[in-house]
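The data below hold one chain only, encoded as structure tokens and taken in the form predicted alone.
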């Protein structure tokens, strides 16, 4: 999701209006691609796991403290990744980020009319208090999530049945292609029915989940400690006795802790330090493929940016190679699509409006502003990465007559300017949390439908909106792929964003750490980690 979606999700994503609109679409016959009843039972993802050493305590230096450990309320990445060590979903995202795989459910069936999804729960799963998971826990969780800030992800759901302890039937108002992806959403991680009779405040002091770890203590702003869940359903896992998540916002401090042995893993290794870390004995560096997409949003409420030729000119004028070299130290690739290559349905042949000064000048000549204009680039104070990018963009755009003034604001002020369309240009970032692009597409490019006016650009394409609806109302994968390919082509040509780059997740760790892998969603599986 976009960082700005993260910050404002509860107020801008209106699941009620979204559901109403889609009911109308479905009634009008907008469903494309008709799959019949079928089931899914994928290969056991745990088969053939290699032997690993049990025991040990892992210390993990992260950039921020989680804001909450209530999965339905989580909107920041540290909360999301922490929650997924304590609780789990019916389905999970595959290692490549492109699909979903059974997790707390082992399979599903879909009805002939594609409006009833029957999930079969994995036998033998227990919560951390030793009680077995059953269908009432799933129903309670999803009904609770429908009242939370991430309720938009369940916007198609209109009823949940529990015919027996091991079966959950989710009824949708219309065929809903993203449902499996929705079941892998962190906000739908399963909690015990009725929170075991506790209030939310009481429950999340000592939460109960099916995840590999149990919360032991949390000193907010400093560290969160977890211990092994003795009832965890994956045989032999987790390998670790405990995990301590340290909150260490300063890059240099995290580096010192890693090099000094106070931290076993560091999150967010600075790109400038990658080369030195790679040559440090006892330290391993990983640049994991991510779902992150970086871009510059252009506010079409402003007259200059309402002109598609101006937007295209800006995209052609930006020297992405220099940005990747000077800002990412070579650790990135130019972006054309607003889909990352790590997203499902990414289209590699999306039109590329990349650095081409002649094309930039030609587009400016075709615009209403052939002699250029003055504009501003708004970013958060202290954002050194985007500050450097802004300087490069400032220099690039001067060549085509656009005079850019860089303006810094505190993050809350910047967010207000973006959400109220009182900015010209501003940096943006999108990541994907599930194995389906529908988490982002409505908010990113489908106008008012997504709730944030196409990532606050006010971009509005009737065709993109129609295709977005159709992709949601379609279950057949091949048909959805064609729709998303068309969406990526249209958006690239309309250029609401000046796409910049795709970048990896940079992590560094002690060589004694094994099994630590980060999927494109960023939600790592600490149950797989062990120490030699």
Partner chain sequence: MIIGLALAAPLITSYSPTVLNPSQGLLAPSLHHLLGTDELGRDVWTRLLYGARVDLEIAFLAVLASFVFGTAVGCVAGFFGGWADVVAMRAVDVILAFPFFVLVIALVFILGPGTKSIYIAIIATDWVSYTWIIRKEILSTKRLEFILAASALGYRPLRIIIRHLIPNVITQAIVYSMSDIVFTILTIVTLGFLGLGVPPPTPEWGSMMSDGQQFITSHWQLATVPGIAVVIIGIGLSLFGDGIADRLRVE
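Positions refer to the first chain, counted from 1. Predicted model, so just to flag it, every value in this text is computed and none were measured.
Keep in mind the form predicted in complex with the partner chain is missing from the figure; the text below concerns it.
Shown alone, this chain has one stretch from 385-393, 71-79, 339-347, 298-306 that lies within 4.5 Å of the partner chain in the model of the complex by heavy atoms: 385-393. Note on contacts: among 373, 329, 203, 140, the single residue with a heavy atom within 4.5 Å of the partner chain in the model of the complex is 329.
Residue in contact with the partner chain in the model of the complex (any heavy atom within 4.5 Å), chosen from 164, 420, 112, 272: 272. The closest heavy atom approach of residue 366 to the partner chain in the model of the complex falls outside 4.5 Å. Interface membership of residue 196, defined by any non-hydrogen atom within 4.5 Å of the partner chain in the model of the complex, is ruled out. When contacts are judged by a 4.5 Å heavy atom cut-off, residue 409 counts as touching the partner chain in the model of the complex. Although the partner is absent here, residue 460 lies well away from the partner chain in the model of the complex, with no heavy atom inside 4.5 Å. Remark: none of the three candidate residues (241, 280 and 285) comes within 4.5 Å of the partner chain in the model of the complex, counting heavy atoms only. Along 215-253, these residues reach a heavy atom to within 4.5 Å of the partner chain in the model of the complex: 250, 252.
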